[in-house]
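In structure tokens, one chain follows: the form predicted on its own.
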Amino acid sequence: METRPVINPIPPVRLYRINAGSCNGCDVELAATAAVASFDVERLGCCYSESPAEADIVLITGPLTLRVKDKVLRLHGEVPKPKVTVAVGVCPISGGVFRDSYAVAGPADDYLPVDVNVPGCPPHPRAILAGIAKAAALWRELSGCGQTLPEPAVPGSYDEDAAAPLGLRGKMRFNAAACVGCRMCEHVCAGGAIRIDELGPGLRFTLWHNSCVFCGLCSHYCPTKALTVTDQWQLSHFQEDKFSLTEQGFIPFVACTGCGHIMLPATPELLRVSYRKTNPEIERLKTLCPECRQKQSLGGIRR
């Protein structure tokens, strides 16, 4: 009787999770990638491992706290090479809302090599899957096994063109033409992701997506809605792109038509908030600085 050779299946890429002091928000989303069929990592040819010594990819959640730092570094060191490390959520990437805490040692990449970042607070399971897909492809390349990613069980489940879930808060979008430079967004940003700098001819706005917690406070308090929340959920990226993942814009100063004083422009969005409708008088006053506007509107009499 002829016997057929046994063909060994492709061994799965093994994942090991390390909690570096998280609030468990990202861990709950990671649980979905292990227990919920529509987000299962098995579609990527991966499985979870209970031992770091048997793992290929390390998933780190939470800011790296002083209390667990040594344990995290020890567990990470037990994972054999080649290994790929994924920072899940903004906390291990930048510290998130805990960045200035006395109990936080700092971003994970200050102490160990990170290869893939998945920003969010927490990231959607599909965003985590996209990050794991990048990590698995990188590990297969480093290990030289030549394997390719299997087709996902549900097409479009983690690729960038997949539709966003209803009500998802994704990356922020900035419209410089609507900004009045009030700096309210910088003041209320929970993750310290927004910075506004004065650069000679105007203001430069910068938002770091790797610090943004997608809370939407900046959009909520922006008087002209220069900041809006999008449903773009797919922000996973390789480590080399960590500091280039930004939203930027420039708000130029304008000269007062009365005295030539440099000032911020009165945007159409601001006028719509302030007045029901404009008229020639308002259009004339909007090009004047506060002092000239006061003189014009009060007939030269100062209060």
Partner chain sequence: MIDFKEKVSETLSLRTGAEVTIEWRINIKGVMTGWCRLREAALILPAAEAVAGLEGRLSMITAYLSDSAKQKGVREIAFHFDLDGTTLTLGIELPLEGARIPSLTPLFRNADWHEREFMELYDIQVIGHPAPRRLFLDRSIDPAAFERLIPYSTFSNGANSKALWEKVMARSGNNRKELQ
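Every value quoted in this text rests on a predicted model; they were computed, and no experiment measured them. Numbering follows the first chain given and starts at 1.
Omitted here: the form predicted together with its partner chain. The next part is about that form.
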Counting only non-hydrogen atoms and a 4.5 angstroms cut-off, does residue 45 reach its partner chain in the predicted complex?
-> no
Quick one: is residue 249 in contact with its partner chain in the predicted complex, heavy atoms, 4.5 Å cut-off?
-> yes
Does the 4.5 Å heavy atom contact test between residue 141 and its partner chain in the predicted complex come out positive?
-> no
Does its partner chain come within 4.5 Å of any heavy atom of residue 106 in the predicted complex?
-> yes
Quick one: from 66, 273, 259, 53, grab the residue that has a heavy atom within 4.5 Å of its partner chain in the predicted complex.
-> 66
Going by its partner chain in the predicted complex, which residues of 184-208 come within 4.5 Å of it through any heavy atom?
-> 192, 193, 194, 195, 197, 199, 204, 206, 208
